[in-house]
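Below you will find one chain, with nothing else, as structure tokens; this is the form predicted on its own, and questions on how it binds or moves follow later.
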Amino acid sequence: MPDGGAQSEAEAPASKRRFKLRWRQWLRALHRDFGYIAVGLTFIYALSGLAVNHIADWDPSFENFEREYVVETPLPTDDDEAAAVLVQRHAGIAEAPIDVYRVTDDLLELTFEHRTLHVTLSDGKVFEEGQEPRVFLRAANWLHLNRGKKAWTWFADGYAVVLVFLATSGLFMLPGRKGLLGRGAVLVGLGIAIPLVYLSYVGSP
């Protein structure tokens, strides 16, 4: 009859191997699923980050435009009445002007939040200048910079926690020389060194 103690000792290494394999499988599964969840937000934050990083070179939320066209004349001689007619005939304006200003006897200026109309009353010529929103980027920037506050703060915090989990779980997914004890340690060290070297070069804030 085999000795029970010897049998349990022989089974112990196999049990440990099964445990190690099992927790790595769970870690990979969680890393995969949380990675899928984070895909949408990662695209938003990455594209918005690229746009906002170059804010000195362009407006990441709005695009400047200029247009010239002619409206039907005659226009009312009263400034407010002329402004009301112009707004009524402009398909892209659904708001009242912030300011109506008579520049000269024949030139009327209407100021809106994101555009200005320069109107020659005698012939109906309109020079329009302003900004139009970059639809996707403006929304992405709004979310990235947490302009809305409120509930989005909790979503942003949750996303940050998910990123921390993905970074941490990624450290332990591979065993051996390709993992944290080998090649992985070199790459992790490189990633940590990049901001430190940059700060030492340009000076810390």
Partner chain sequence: MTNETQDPDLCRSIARRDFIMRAASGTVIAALGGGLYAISDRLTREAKAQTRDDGRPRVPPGQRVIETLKPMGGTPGDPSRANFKLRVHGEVKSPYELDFAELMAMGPVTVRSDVHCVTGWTMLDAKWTGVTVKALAERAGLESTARHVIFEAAAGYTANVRLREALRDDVMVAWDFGGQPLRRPHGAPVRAVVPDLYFWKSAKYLTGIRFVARDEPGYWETRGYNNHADPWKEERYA
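Predicted model only: the values in this text are computed from it and were never measured. Numbering follows the first chain given and starts at 1. Whichever C-alpha set is largest while still superposing within 1.5 Å between the two forms counts as the rigid core.
Omitted from view is the form predicted together with its partner chain, to which the following refers.
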- Would you check, heavy atoms only and a 4.5 Å threshold, whether A56 touches its partner chain in the predicted bound form? yes
- Message: My question is simply whether D79 lines the interface with its partner chain in the predicted bound form - judged by any non-hydrogen atom within 4.5 Å.
- Response: no
- Can you check whether K150 is within 4.5 Å of its partner chain in the predicted bound form, heavy atom basis? no
- Task: Evaluate E72 for contact with its partner chain in the predicted bound form, applying a 4.5 angstroms cut-off between non-hydrogen atoms, and reply yes or no.
- Result: no
- Message: I have F112, R115 and F127 flagged as a candidate spot, so tell me whether each of them has a non-hydrogen atom within 4.5 Å of its partner chain in the predicted bound form.
- Response: yes
- Query: Pick from V161, L145, L30, L50: which residue has any heavy atom within 4.5 angstroms of its partner chain in the predicted bound form?
  - Reply: L145
- Message: Please identify the residue among W26, F136, F172, F62 with any heavy atom within 4.5 Å of its partner chain in the predicted bound form.
- Response: F62
- Options 162-170, 176-184, 37-45, 63-71; stretch whose heavy atom lies within 4.5 Å of its partner chain in the predicted bound form: 63-71
- Heavy atom contacts to its partner chain in the predicted bound form at 4.5 Å, residues of 96-111 in sequence order: D99, Y101, V103, T104, L107, E109, T111
- Message: Taking 2 Å as the cut-off, check whether the CA of L110 shifts that much or more between this form and the one not shown after a rigid core fit.
- Response: yes
- Message: On a rigid core superposition, would D33 pass a 2 Å threshold for CA movement between this form and the one not shown?
- Response: no
- Core-aligned, is the CA shift for D57 between this form and the one not shown 2 angstroms or more? no
